[in-house]
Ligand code: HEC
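Take a look at this single chain, the form predicted on its own, given in structure tokens.
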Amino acid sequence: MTEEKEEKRPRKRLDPKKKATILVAALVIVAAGGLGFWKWHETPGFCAAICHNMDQYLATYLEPQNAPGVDKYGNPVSNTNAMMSVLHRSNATTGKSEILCLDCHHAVIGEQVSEGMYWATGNYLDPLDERVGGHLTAWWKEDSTRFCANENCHAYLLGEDGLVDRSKLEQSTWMMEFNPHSQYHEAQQMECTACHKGHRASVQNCTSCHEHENIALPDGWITATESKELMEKTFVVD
């Protein structure tokens, strides 16, 4: 009895040219996807699409300028221009017709990884605590005033050291009846974000001293007392 030998069928090998074509096509698809994701990442809608506690920030940013609106906490604002995110979104004072979120909130990898971890574990606040001054530039390792004054924004306020020159700041509002940037308290140099708020009505903090209670406020701005009441209502402790 003879054993039938199994015929060995030759394997079909992919043509090298076809293999190269498939590899190139795959790389193109991956690159296009990556580029598309990065472009999406730079748009205002990106953060709100990933993190639901960003919805209110996007909503305030998109509000029409110079009109009644609502702040990030749901409180009414008599003039949306009092929220810096609205006031700065569309303007004719810079080379860009539209200022996007990442033009101010720089994308730092370390910070984004940290935020991603908080999001994945659910270890975050909603609404978020108010971030001011040094909080906004901590990951950049920059002075807090660099959030507002840098080579791209309000550069006319910078001194030779690259930081805000307080005398230039005071001079910039010399024509106002009450100059909010006058250095009444030289030892207490307030951060820009103490008054200028991005997603809620800006605050005239000088009104915290009784001698300044009756000064005229920019349209839509609120007093220090109103700001304190708003924050206490928003972050009520049970």
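Rigid core: the largest C-alpha set superposing within 1.5 Å between the two forms. Counting begins at 1, following the sequence as shown. Because the structure is predicted, anything quoted here is derived from the model rather than measured.
Beyond what is shown, the protein has a form predicted in complex with the named molecule; the following relates to that form.
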### Message
At 4.5 Å by heavy atoms, is each residue in Val70, His106 and Lys228 next to the named molecule in the predicted bound form?
### Response
no
### Task
State yes or no: in the predicted bound form, is some non-hydrogen atom of His181 no more than 4.5 angstroms from a non-hydrogen atom of the named molecule?
yes
### Message
in the predicted bound form, is there a heavy atom of the named molecule that lies within 4.5 Å of any heavy atom of Thr137, even though the partner is absent here?
### Response
no
### Query
Contact between Glu142 and the named molecule in the predicted bound form at 4.5 Å, heavy atoms?
no
### Message
Under a 4.5 Å heavy atom criterion, is Tyr156 part of the interface with the named molecule in the predicted bound form?
### Response
yes
### Query
Once you line up the core, how about Glu170: does its CA shift reach 2 Å between the shown form and the other one?
no
### Query
His212: with the rigid core matched between the shown form and the other one, does its Cα shift 2 Å or more?
yes
### Task
Looking in the predicted bound form, decide if the C-alpha atoms of Glu211 and Ser202 are closer or farther than in the form shown; they differ by 3 Å or more.
closer
### Task
Looking in the predicted bound form, decide if the C-alpha atoms of His210 and Met175 are closer or farther than in the form shown; they differ by 3 Å or more.
closer
